[in-house]
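Next up is one chain by itself, shown in structure tokens, the form predicted on its own.
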Amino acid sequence: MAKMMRAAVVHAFGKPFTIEEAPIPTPGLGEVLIKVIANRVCHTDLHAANGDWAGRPPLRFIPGHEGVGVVAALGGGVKGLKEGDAVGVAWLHDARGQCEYCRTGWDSLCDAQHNTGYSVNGSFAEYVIGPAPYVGRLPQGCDFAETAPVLCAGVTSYKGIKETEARPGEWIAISGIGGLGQVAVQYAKAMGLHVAALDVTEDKLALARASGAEVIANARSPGAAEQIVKHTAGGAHGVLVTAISPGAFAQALKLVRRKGTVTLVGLPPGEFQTPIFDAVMNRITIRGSIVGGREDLAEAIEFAAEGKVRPVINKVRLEDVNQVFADLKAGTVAGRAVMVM
């Protein structure tokens, strides 16, 4: 008889999770079985459970893509890992490995990738499968609850900052100080950047200031963009938009200086207008950034391992998943909700 585990399972899109028993999966060739100790809850998990995006996950499925813990069992052919090693699964479950994107470190763009908690079962469970080449290698003795957000919020923010091409000593403006933005401020400071932060609530702005932002502005203030431009002596060299508001995307183009780059990470519905004349005449770059590849993940973990990034977390239980999702919808989650198994 198969050994069982507890898991939060989606049986129908938009409906509450059920906490139920499921068979513990068996690692196949090149895979490891991970005993999950902590697991961050992401907005992407909410989109998955609601079936919001094209290419919906196959029902029935287990969401979750920031599960961290220890290797419980090894599949055939696994090298460089052993039982007891600290590891975690990320959104990028695996990829083809041989396409032009994978060969150049852009495996997050591979059109044959699988995504944890979406196209394959994820980590809202006591155990999860991870392909050995794609699991995040964590430092032994790490705080699992604090490390879990690095597997998505951390690497997504870190990669987005890299994509602005802002250099040490230059300014970056971060729009949206939620789970992504709060760690983005810390990564930016660790990377030697000056930080301006924007949000629409005073508590988030206070969090930005506590995390290292030198300039803060309420994004709804009529003079917010002008305030940032003044304090940065002409505008930010890079702008990272983590906010889930089309208005924030449009505002970002008013924050950036000539020859600057605006990187878009948030995924709000709808569109935003781009002032073509200004973008052309000021040589503005606008680019999207989606999570990060394996090397980005390793770098993001290293910053956290050195104590330079410490996400603000709220510890919850697996049984709290439906309440956590209700809080996510309401926008009342401060920092990152982390399930401690």
Ligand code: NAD
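In this text, residue numbers run from 1 along the sequence as written. The shown structure was predicted, so the numbers you read here are calculated from the model rather than taken from an experiment.
As for the form predicted together with nicotinamide-adenine-dinucleotide, it is not shown, yet the points below apply to it.
Report task. Just one of 95 to 103, 76 to 84, 258 to 266, 222 to 230 has residues with a heavy atom within 4.5 Å of nicotinamide-adenine-dinucleotide in the predicted bound form, so point it out. Result -> Every other range fails; the passing one is 258 to 266.
Query raised in the report: Tell me, which of 125, 188, 196, 180 has a heavy atom within 4.5 angstroms of nicotinamide-adenine-dinucleotide in the predicted bound form?
Result: Exactly one residue meets the criterion: 180.
Query - 305, 298, 312, 290 - the one with a heavy atom within 4.5 Å of nicotinamide-adenine-dinucleotide in the predicted bound form - result: Only one listed residue qualifies here, and that residue is 290.
Query raised in the report: Any chance residue 243 has a heavy atom within 4.5 Å of nicotinamide-adenine-dinucleotide in the predicted bound form?
Result: It does: once nicotinamide-adenine-dinucleotide is placed as it appears in the predicted bound form, residue 243 has a heavy atom within 4.5 Å of it.
Query raised in the report: Does residue 176 reach nicotinamide-adenine-dinucleotide in the predicted bound form, with heavy atoms at most 4.5 Å apart?
Result: Yes, residue 176 lies within 4.5 Å of nicotinamide-adenine-dinucleotide in the predicted bound form.
Query raised in the report: Would residue 166 count as a contact of nicotinamide-adenine-dinucleotide in the predicted bound form, using a 4.5 angstroms cut-off between non-hydrogen atoms?
Result: Judged by the heavy-atom cut-off of 4.5 Å, residue 166 is well away from nicotinamide-adenine-dinucleotide in the predicted bound form.
Query raised in the report: Does nicotinamide-adenine-dinucleotide come within 4.5 Å of any heavy atom of residue 60 in the predicted bound form?
Result: Outside the cut-off, so no.
Query raised in the report: Using a 4.5 Å heavy atom cut-off, are 53, 200 and 204 all in contact with nicotinamide-adenine-dinucleotide in the predicted bound form?
Result: All three within 4.5 Å in the predicted bound form.
Report task. Select from 32 to 62 the residues with a non-hydrogen atom within 4.5 Å of nicotinamide-adenine-dinucleotide in the predicted bound form and write them out in sequence order. Result -> In sequence order, 40, 42, 43, 44, 47, 53 come within 4.5 Å of the partner.
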